[in-house]
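First comes one chain, alone, set out as structure tokens in the form predicted alone.
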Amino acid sequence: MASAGAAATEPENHSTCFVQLRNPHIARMKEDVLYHFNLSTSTHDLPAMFGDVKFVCVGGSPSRMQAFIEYVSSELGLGRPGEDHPNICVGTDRYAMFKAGPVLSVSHGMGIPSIAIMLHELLKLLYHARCSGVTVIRIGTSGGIGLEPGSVVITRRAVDARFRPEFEQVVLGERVVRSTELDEPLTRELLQCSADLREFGTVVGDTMCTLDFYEGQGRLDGALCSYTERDKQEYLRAAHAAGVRNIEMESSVFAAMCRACGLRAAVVCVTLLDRLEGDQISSPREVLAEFQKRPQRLVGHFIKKCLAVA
């Protein structure tokens, strides 16, 4: 087994730290095509377009990330009232990207493979743009374990389905394992921001990242199921005892890749249900819509606070 978990500790001077890649081949390339963003180093002036980026927020759907950039732009006064924020990745339907001042908002789709592809190109974009002092935050939804629906979880570390804080990938036939620890000072800052807002319950806990929405998360309502309600309850209670407070499908590779490249990173997800109480979401649509805004408000407050200090 090869391990890639050592290494990335937070730089002493985060504000002046440039994004670092862990690929020596990139520097020798004449052109780098960021295919799924419809951007490239030869046809776009990436430093001019993105060099001022300090905060990158990523989430599953294009509509959610467009709503986030509109919210942040209005909240922080980063543009004119009613100003449009066009999709920078127009020409491709894989991902969407929006920008307002130093804030970049990017969709990543669903699951580890989708967000991993996006992150490879996002990290290269930040590197080519010579961005420094960047903070990356995933905002999204999740299933809670032992929490009231609508609770917000700030991830302490991402764990796999066996509750191990690691991301495993097979590279050239070899098992490579990377650490999924997230930035502890950033976690504390975000928790303080929630205390400032006093709008919803927020906890810090481990987040379990799975490869599947149904069997991988112990649901009883998928097309396949080989276990009982009792089996499911025992597993989820064991997860809770291990420190897991929510389940989603992107946090492990997000944490591993950001850590490997030395970026401050956090995961902030709202819970849409308590998985100990059931498998299907039953809250009214308008309630769910309000829940989904909670990570946006928390992270928006964090960005506003940071910019006020800067």
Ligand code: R2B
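It should be emphasised that the depicted structure is a prediction, and the values quoted were computed from it without experimental measurement. Residue numbers here begin at 1 and follow the sequence given.
Quick note: we don't show the form predicted together with 1,4-anhydro-D-erythro-pent-1-enitol (R2B), though the next part is all about it.
Heavy atom contact within 4.5 Å of 1,4-anhydro-D-erythro-pent-1-enitol (R2B) in the predicted bound form, the stretch among 47 to 55, 32 to 40, 66 to 74, 249 to 257: Selected stretch: 249 to 257.
Contact of residue 227 with 1,4-anhydro-D-erythro-pent-1-enitol (R2B) in the predicted bound form (heavy atom, 4.5 Å): Residue 227: no contact with 1,4-anhydro-D-erythro-pent-1-enitol (R2B) in the predicted bound form.
4.5 Å heavy atom contact, residue 111 and 1,4-anhydro-D-erythro-pent-1-enitol (R2B) in the predicted bound form: Residue 111 belongs to the contact set for 1,4-anhydro-D-erythro-pent-1-enitol (R2B).
4.5 angstroms heavy atom contact with 1,4-anhydro-D-erythro-pent-1-enitol (R2B) in the predicted bound form for residue 187: Contact check for residue 187: no, nothing within 4.5 Å of 1,4-anhydro-D-erythro-pent-1-enitol (R2B) in the predicted bound form.
Partner contact for residue 141 in the predicted bound form: 1,4-anhydro-D-erythro-pent-1-enitol (R2B), 4.5 angstroms, heavy atom: Residue-level check for residue 141: yes, a contact with 1,4-anhydro-D-erythro-pent-1-enitol (R2B).
Residues from 189 to 214 in contact with 1,4-anhydro-D-erythro-pent-1-enitol (R2B) (non-hydrogen atom within 4.5 Å) in the predicted bound form: Heavy-atom contacts to 1,4-anhydro-D-erythro-pent-1-enitol (R2B) in the predicted bound form: only 213.
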